[in-house]
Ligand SMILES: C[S@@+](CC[C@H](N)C(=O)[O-])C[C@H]1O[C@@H](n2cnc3c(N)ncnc32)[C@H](O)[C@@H]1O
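One chain comes next, on its own, written as structure tokens: the form predicted on its own.
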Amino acid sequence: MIFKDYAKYYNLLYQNKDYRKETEYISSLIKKFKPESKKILEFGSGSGIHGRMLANIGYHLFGIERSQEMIDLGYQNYPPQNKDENFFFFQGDCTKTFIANDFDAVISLFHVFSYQTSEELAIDMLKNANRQLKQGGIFIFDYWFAPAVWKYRPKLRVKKVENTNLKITRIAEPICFEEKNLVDVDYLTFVEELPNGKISKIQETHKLKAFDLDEIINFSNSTGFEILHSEEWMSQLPPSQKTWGVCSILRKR
């Protein structure tokens, strides 16, 4: 299970991620393509940061997250204040877990769609989104864009972060299977506890798939959606070979 052993270090690793700006971007897409939306389902909600921010601006958020460790981290950092809180998330699989069939929008961020590494899984995720949406509801998701992935190719990366208690070094080594649009990213993470100097090691492999627009259109047509729009993540520019991350918006027919 990915996001298991280093789930408790996740927020430190992504401390510079601009969740607020991303939340504002997603809210702007919802307002543009389904302005009356109130009830939102999120696939792959992680530790719940996007979901809580969306709830704080008035949406009712329900999240599905596969990793119980990530859910526990979310509740550890933001314990429920009362039973009327507008954000709830549950352990489950975004390709099959069913919550309800009255959502105005489904969202899936941070390349969760690219973790669907086969055509069958991608289609199952779209079908699961479709059956939980109202008629005319929208699905917003981002993914690795194949033309850019294979132009620039994933490279070995080293990330270092720390706070007063921990120093983390993470090495990401990609193994590419271009003919299948697949990348295995081997993560080797060293965690040093600064007060006592203890060092632990975590290894995880994340398998991801890149998609092109023709695939997204074909998947949409076969799962009861029509594609409304695709753009570069956050910039609103058209997808291109310079666009590693693309965001697509689909509507339930």
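Quick caveat, the model's predicted, so the values are computed rather than measured. Residue numbers run from 1 along the displayed sequence.
There is another form of the same protein, the form predicted in complex with the named molecule; it is not shown, and what comes next is about it.
- At a distance threshold of 4.5 angstroms between non-hydrogen atoms, P154 is out of contact with the named molecule in the predicted bound form.
- The named molecule in the predicted bound form comes within 4.5 Å of no heavy atom belonging to L61.
- Contact between Q132 and the named molecule in the predicted bound form is not found at the 4.5 Å heavy atom cutoff.
- Contact between T189 and the named molecule in the predicted bound form is not found at the 4.5 Å heavy atom cutoff.
- Checked against the named molecule in the predicted bound form, the residues E119, D93, D72, E162 give one hit for a heavy atom within 4.5 Å, which is D93.
- Out of the listed residues R52, R66, K34, K209, R66 is the one that sits within 4.5 Å of the named molecule in the predicted bound form by at least one heavy atom.
- Judged by heavy atoms within 4.5 Å of the named molecule in the predicted bound form, the contact stretch among the candidates 176-184, 104-112, 163-171, 145-153 is 104-112.
- Shown here without the named molecule, the chain has only Y19 in 19-35 lying with a heavy atom within 4.5 Å of that partner in the predicted bound form.
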